[in-house]
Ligand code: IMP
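Here's a solo chain for you in structure tokens, the form predicted on its own.
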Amino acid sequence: MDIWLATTNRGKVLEFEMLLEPLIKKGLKVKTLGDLATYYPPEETGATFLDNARIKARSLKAMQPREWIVAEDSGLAVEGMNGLPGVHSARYAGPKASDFENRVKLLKIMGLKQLANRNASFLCQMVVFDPEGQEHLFSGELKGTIAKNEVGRNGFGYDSVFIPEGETKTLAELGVAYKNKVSHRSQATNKLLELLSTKLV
């Protein structure tokens, strides 16, 4: 059985492969947009993570109508910034901004605002289409705070500035194994695993 991931983010692909490993060992094959001869990603114009995940899922489903399709949109929401960067997390510092540039902008703005409330959440909304076209929705949330400086070298995105609730280190310090147990994306993917486990024989 094949499952298609609607993403070009290598970090997300690696996470999915690790999280789906129990089923990969049973024959599940993970495909990505890189396996398509041509693909033009849709513009992510949604107002919410769910909107954008659905846009990506429908776009890929149109090209692979009889396959399992998985699309997710996720990002960081900071309480003291009214939920920003939110759906703009990947493009916070500009349309082609790097992860580093996004983190620099976030810390700079929070510093300029002298925010006392540094509470934040990583949010994930996942849209899954099965081969029959039925839509399945899964979500996850990881609460924490924003560090004042970047620390750690593991992970990607905002991992090096995000301290999970109950911890004193950033996700980038805590490492991949820890992240895959608690992250917003792992929570949603574990629900996907439950669904796929009933289909893979």
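The shown structure was predicted, so the numbers you read here are calculated from the model rather than taken from an experiment. Position 1 is the first residue in the sequence shown; the rest follow in order.
Although it is not shown, the form predicted together with inosinic acid (IMP) is what the next lines describe.
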Is the gap between G144 and inosinic acid (IMP) in the predicted bound form 4.5 Å or less for some heavy atom pair? no
Whether K12 contacts inosinic acid (IMP) in the predicted bound form should be assessed with a 4.5 Å heavy atom distance threshold; does it? yes
Interface membership of F156, inosinic acid (IMP) in the predicted bound form, 4.5 Å heavy atom rule: yes
Flag D99 as yes or no: does it have a non-hydrogen atom within 4.5 angstroms of any non-hydrogen atom of inosinic acid (IMP) in the predicted bound form? yes
With inosinic acid (IMP) left out of view, which of E173, E167, E150, E44 would have a heavy atom within 4.5 Å of it in the predicted bound form? E44
Among the candidate stretches 132 to 140, 35 to 43, 22 to 30, 156 to 164, which one is within 4.5 Å of inosinic acid (IMP) in the predicted bound form when only heavy atoms are counted? 156 to 164
Of the residues spanning 58 to 77, the ones with some heavy atom within 4.5 Å of inosinic acid (IMP) in the predicted bound form are E72, D73, S74, G75
